[in-house]
Ligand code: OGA
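In structure tokens, the next block holds one chain alone, the form predicted on its own.
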Amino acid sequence: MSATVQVIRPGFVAEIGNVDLRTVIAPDDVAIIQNAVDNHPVLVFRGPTLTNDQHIAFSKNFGNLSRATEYQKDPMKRRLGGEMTDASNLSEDNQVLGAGDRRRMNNLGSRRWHTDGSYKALSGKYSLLHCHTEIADGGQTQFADMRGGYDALPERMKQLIDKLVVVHSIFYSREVVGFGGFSPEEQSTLPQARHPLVRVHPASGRKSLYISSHAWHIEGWPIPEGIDLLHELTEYATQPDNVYTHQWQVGDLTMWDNRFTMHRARRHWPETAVRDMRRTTIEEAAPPLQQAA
């Protein structure tokens, strides 16, 4: 029996069933999942828990993996390999990170609305986030539909933003949450990226906002004016009717299209509880500005 698609939010969220992600996925099922994410940019898969290798193998059905962004220079202090982002609050020896740890400070940036990898020239296409522990109180992930965000804009705003180009930087989004002190080496390895503010969804032809907490400067605009516009657009795009909140269970995997969604992690209680989340990201085949040309 082939993979099934059950719609949760029409045109936005769907659940995929009858597929075992621990095994090699049949080409027909890969095609069903690809068609589902083309039409519902957030997909939910339910358990069981995957090994890291199984998670990576499933992800590779949808493109080339992006390397995880690292701020920890000592390889012995990395809990996961370079193909997987550690979205947990755990150290290399599986202890909850302390308040001053750079890895914890970095993860606090994930609580702001963002798009994975938009600070890179080859930005994130899909992300696949897998839950290894269950949080009893909080810890959800929220997703916002950027096509719906664009649709909600006044017509004059749509005309204003149609051809704008935005500069994204990982260092901007981290400094906003108080995480600074990056070395010249770190800054040189992650230069700023330029992306269109408006993108077109290939499956539907709908226009979509492409914004993120990493976005900080609109080319040709004074910086305060650009930041003000980006904040305004984020408010439009993240109204409650445009947001899906996923309550995690152990074994859940969510797959989303970064080109047409934003997401954020929510606080969990107590902060000392283990939240073990692991993510792979598929990078885009070409920079978004080239795709739009």
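In this text, all values refer to a predicted model and were calculated from it rather than measured experimentally. Quick note: we count residues from 1 along the sequence shown, nothing fancier.
Not pictured, yet referred to below: the form predicted together with the named molecule.
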Touches the named molecule in the model of the complex: Ser208 (any heavy atom, 4.5 Å): no
In the model of the complex, Gln140 touching the named molecule (heavy atom, 4.5 Å): yes
Interface membership of Asp145, the named molecule in the model of the complex, 4.5 Å heavy atom rule: no
Contact of Phe260 with the named molecule in the model of the complex (heavy atom, 4.5 Å): no
Check all three, His55, Ala68 and His132, heavy atom within 4.5 Å of the named molecule in the model of the complex: no
Location of the named molecule contact in the model of the complex, chosen stretch of 97-105, 148-156, 110-118, 174-182 [non-hydrogen atom, 4.5 Å]: 110-118
Selected contact from Val42, Leu233, Ala265, Val243, since only one has a non-hydrogen atom within 4.5 angstroms of the named molecule in the model of the complex: Ala265
Heavy atom within 4.5 Å of the named molecule in the model of the complex - residue from Ile282, Leu21, Ala14, Met277: Met277
